[in-house]
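Two forms of the same protein chain are encoded below as structure tokens; each is given separately, as structure 1 and structure 2.
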Structure 1
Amino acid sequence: MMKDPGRLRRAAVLGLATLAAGMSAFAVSDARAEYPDRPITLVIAYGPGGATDISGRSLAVPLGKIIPQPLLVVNRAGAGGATGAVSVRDAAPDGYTMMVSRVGTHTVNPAMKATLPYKLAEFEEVGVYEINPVACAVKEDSDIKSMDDLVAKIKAAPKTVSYSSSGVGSLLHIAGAMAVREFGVENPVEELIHIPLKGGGAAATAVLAGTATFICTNSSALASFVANKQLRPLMVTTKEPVPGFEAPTAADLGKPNLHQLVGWSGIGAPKGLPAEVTEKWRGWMKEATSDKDFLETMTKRGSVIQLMSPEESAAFIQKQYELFTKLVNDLGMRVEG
């Protein structure tokens, strides 16, 4: 084939011409315009359809109207959020790569995994905007009617009661252990069986199918099962009752420590974000989270919309992280290797 010199020359010309065509399309952008002067990418470290995805995309609707440049929402899922988080950490802290930070990527994973390829300190937070109350539930026909019943059952026969989670290092994993520990189970890791499943939907289904005894997860993931009388809530971890959940709150039960056990979403960035970018986002977030449609959509899903300032957010995340780290150390739940 290469014997034909005409062909070869033509092919070479072809390659060069392409390059030239590409070059001529260069657009010169001025380097120092006011932020933002090009599209902003918002990374969601979980797959489409998950709680983080729906939350992030719902926020992106009002945000997209406010931010003068396009906001590209991209899913970069894998390894319980680690893949996406690492890609954001490695991006330039210029405000053009942001992420939807989440309880899993920012507190549970860093607290639990020794070999996690990133650290909490490598991120900055521009605002936590959503709190998801955590609820614990059992199957409706179960003889467990309260947290005390559950604990009594665990103590009576260790290693028979199980709880489901959406994987090692998920909020559900830590929540199940933390909840029963508060109620007096000394060593939940030894006395409980943890059954990890693939994803939150599968975890709830496992309780429904009898694979696991109980589950502690975001109330929104359980809302429809509770409304349909398939699952019975035992407790919610917030101070205020959660609509639709006829169960005592952690405050009612006298366990204020559990108020820390909540899911949340926020907007995060790699460390070193310029102050002007943080300021811009603070304003955008304020406007977006007061959008009527956004509020309605999220509230219907069972979330509490409550915007924190960057400082409040950082303190809130740090506090939860320390609590989880202590729990993980006390229980020996850390994942090594």
Structure 2
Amino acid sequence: MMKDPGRLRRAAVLGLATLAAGMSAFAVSDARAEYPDRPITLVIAYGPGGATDISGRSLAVPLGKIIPQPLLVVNRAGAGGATGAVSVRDAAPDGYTMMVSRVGTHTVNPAMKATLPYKLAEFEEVGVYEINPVACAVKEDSDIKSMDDLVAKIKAAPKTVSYSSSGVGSLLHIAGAMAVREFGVENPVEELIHIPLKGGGAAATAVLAGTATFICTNSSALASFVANKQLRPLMVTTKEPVPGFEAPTAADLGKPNLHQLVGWSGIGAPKGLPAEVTEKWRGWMKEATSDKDFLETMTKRGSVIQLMSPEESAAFIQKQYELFTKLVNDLGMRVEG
């Protein structure tokens, strides 16, 4: 019997269409499995040389050996970290724009700024990986030898002593005020001169140049200056001594409230990051934070490397946010404009 040519053609076309659909589905699935298939941008929301920059670029070294595409680290400083954070918030949640989330961008800023152009709920945290203490320091040749000396100078001549920070709403901003308040300066907002700058590196340089009297920032941002005898630490906020910092701890000085002053770094992303991308980053971060050279480098800077899960990170960040909200309210430092 002769077969219908038209029927055969229709069957062939249907078969090709089915094959094409199957190949298309395979291609889509394969494309997803190939993340990343282009360079990834890692945003640092503060300037070069500060704690966030040091931490992010240090982590980027082992990450760069693990991630199968280039990792492009970029500084987008401004507005106390808000500029960089907003750029990530507005990016596609596809894993190609990530950020070094930081205590300033994710806890202090939201606690301090009533008109902050972003909300914590607009980000996802892949994992907090670093916790570091705060240290207060002055220029090495300063006549200020202790926190008591610093407070005495403030009380003797209010509005003449200054401290530098990486911007309004940064950890450095609140740390300087909180530290001297614990030592008896009742109204640090009125009695100190606050000098906001673009990044922790610039803030430390201001003390070196004599533009600012003192700084309170993460030990990682001060470690090289302290090691080179350029800055002298007056105190660290930890219970235990920090390697390389010959200074009393907050516990030594009887100031346990200052143990709450702690910095941290993590890897964050815009809300909506696919689960498979999060898992890729979790694996990369676990390997990178176990890197021997990375651990040695960060430990020398006084950092504690501790990789938290996304759930642990979210809970930790929320607790920090509530803590700093209370501190800001107590100090009257909330920025309304």
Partner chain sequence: MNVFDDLAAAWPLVANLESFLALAGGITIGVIAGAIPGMSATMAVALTLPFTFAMQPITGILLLLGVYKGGIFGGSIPAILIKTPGTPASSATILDGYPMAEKGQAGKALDMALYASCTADMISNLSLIMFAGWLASFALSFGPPEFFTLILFSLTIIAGVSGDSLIKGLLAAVFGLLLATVGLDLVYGTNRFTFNDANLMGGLNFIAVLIGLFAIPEILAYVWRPRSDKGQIRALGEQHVTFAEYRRCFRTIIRGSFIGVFLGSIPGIGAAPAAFLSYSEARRRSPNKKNFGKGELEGVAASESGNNGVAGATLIPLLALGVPGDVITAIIIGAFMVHGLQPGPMMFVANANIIYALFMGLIISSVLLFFIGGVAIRMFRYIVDVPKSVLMPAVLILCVFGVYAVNNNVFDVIVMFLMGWLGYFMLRNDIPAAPFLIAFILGPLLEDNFRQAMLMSNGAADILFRSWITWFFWGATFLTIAALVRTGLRQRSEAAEALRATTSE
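A quick note: this is a predicted structure, and the numbers were derived from the prediction, not measured. Residue numbering: sequential along structure 1, first residue numbered 1.
In this comparison, the chain shown as structure 2 is the form predicted on its own. Hinge residue among 237, 59, 263, 222 for the rigid-body motion between structure 1 and structure 2: 263. Each of the two rigid parts keeps its shape between structure 1 and structure 2, while the smaller one turns against the larger by 26°, per C-alpha superposition.
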